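Listed next as structure tokens is one chain, alone, in the form predicted on its own.
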Amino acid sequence: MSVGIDEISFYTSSYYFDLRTLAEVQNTDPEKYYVGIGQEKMGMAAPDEDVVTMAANAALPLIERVGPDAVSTLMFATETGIDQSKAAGVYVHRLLGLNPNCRVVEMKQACYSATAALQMACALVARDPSRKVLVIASDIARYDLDTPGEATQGCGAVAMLISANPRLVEIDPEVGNHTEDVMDFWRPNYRTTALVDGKYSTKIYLKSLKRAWENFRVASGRRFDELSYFCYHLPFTRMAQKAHQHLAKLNKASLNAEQIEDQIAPTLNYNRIIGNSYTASMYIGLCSLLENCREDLAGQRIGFFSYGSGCVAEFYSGSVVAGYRDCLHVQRHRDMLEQRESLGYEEYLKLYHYPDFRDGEEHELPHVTRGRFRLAAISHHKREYVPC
């Protein structure tokens, strides 16, 4: 019996901000962003969008197919949660009309926790193959203005249905892990934006990749040349390019630069125009690979490197199932991306500075999102979500 990803869907905000506009305001060359970090646009959440609404929108196509009673567990991964106690997934549970017997839990470890959720979901399904587990990763990446991190903002959510005999990707049981207590990126409870030591974080990312890969090699016995494509955590697309060049060099791969780039290029399309989505980024990269790679991926093995600052990292692999293209939501995703609205610089600043209501008073939020779910109000410290 195989276990893995049976279906996958992602969602991002109704607005985006083009980094060419940011470059013009900063009087700098746009290639600093378009080429230097490989980013073109960043998703900007509307006032009535947050990790809950994006998560519900991402998962909706999956639930419409299998029905709300099919899901036994919902695992919600995020590092931009909305409550220190209540799991954001509980709101999603109601919006999607899931069964009251469905358990819900929220997981956190920077950008890594979606992978922890995926692996735990696979274990639950292996324990009882009749079960289906819904894994959702949803985040909004925010950094201070006029910092190097500003151009790497973004937002997005991805939903994956984990089942026995999956139709998309069979997940291999062997994994390689690396954990180390470092301070490369963190966000204390009293801050709305993250703190990051960019150069140090890149160094730790690459170190963790090496250690996790070495652990994976021991656990699985697989070689670099047994993997056809690679999905990396994507704080920005250039990071994946650095990481893959690093891994290829470690393995003395007999590939030229173009061949090495080809192994990751199809995974970068969506993140380049969405921006950083933290826990969701690597799995949006998987969506990009499945939906944009011209080659038939059936039977090919993919390598996955998940990294969460602080830090926890994991390398694992999975094989693409024959007939996978019949199970994708390509047109839905392309329509969503095409229908987004571009922001001018002043509009971007207005959204960036939109009030974060914490006074316990009643605040109704404007209906702006084009999604199926929205944050309608915050009243007496309670968030009120409704279908559109």
Ligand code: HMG
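Position 1 is the first residue in the sequence shown; the rest follow in order. It should be emphasised that the depicted structure is a prediction, and the values quoted were computed from it without experimental measurement.
There is also a form predicted together with the ligand; it is not shown, and the following applies to it.
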In the predicted bound form, which of 160-168, 130-138, 218-226, 231-239 comes within 4.5 Å of the ligand (heavy atoms)?
-> 231-239
Although the ligand is absent from this view, report whether E106 comes within 4.5 Å of it in the predicted bound form, heavy atoms only.
-> no
Mark G318 yes when one of its heavy atoms lies within 4.5 Å of a heavy atom of the ligand in the predicted bound form, and no otherwise.
-> no
Taking the shortest heavy atom distance, is A110 within 4.5 Å of the ligand in the predicted bound form?
-> yes
Can you check whether S208 is within 4.5 Å of the ligand in the predicted bound form, heavy atom basis?
-> no
Of I37, L328, L337, A70, which residue is found within 4.5 angstroms of the ligand in the predicted bound form when only non-hydrogen atoms are counted?
-> I37
Here the chain is shown alone; which of G308, G81, G176, G303 has a heavy atom within 4.5 Å of the ligand in the predicted bound form?
-> G308
Residues in 121-154 that come within 4.5 Å of the ligand in the predicted bound form by at least one heavy atom, in order, are Y143, P148, G149, T152
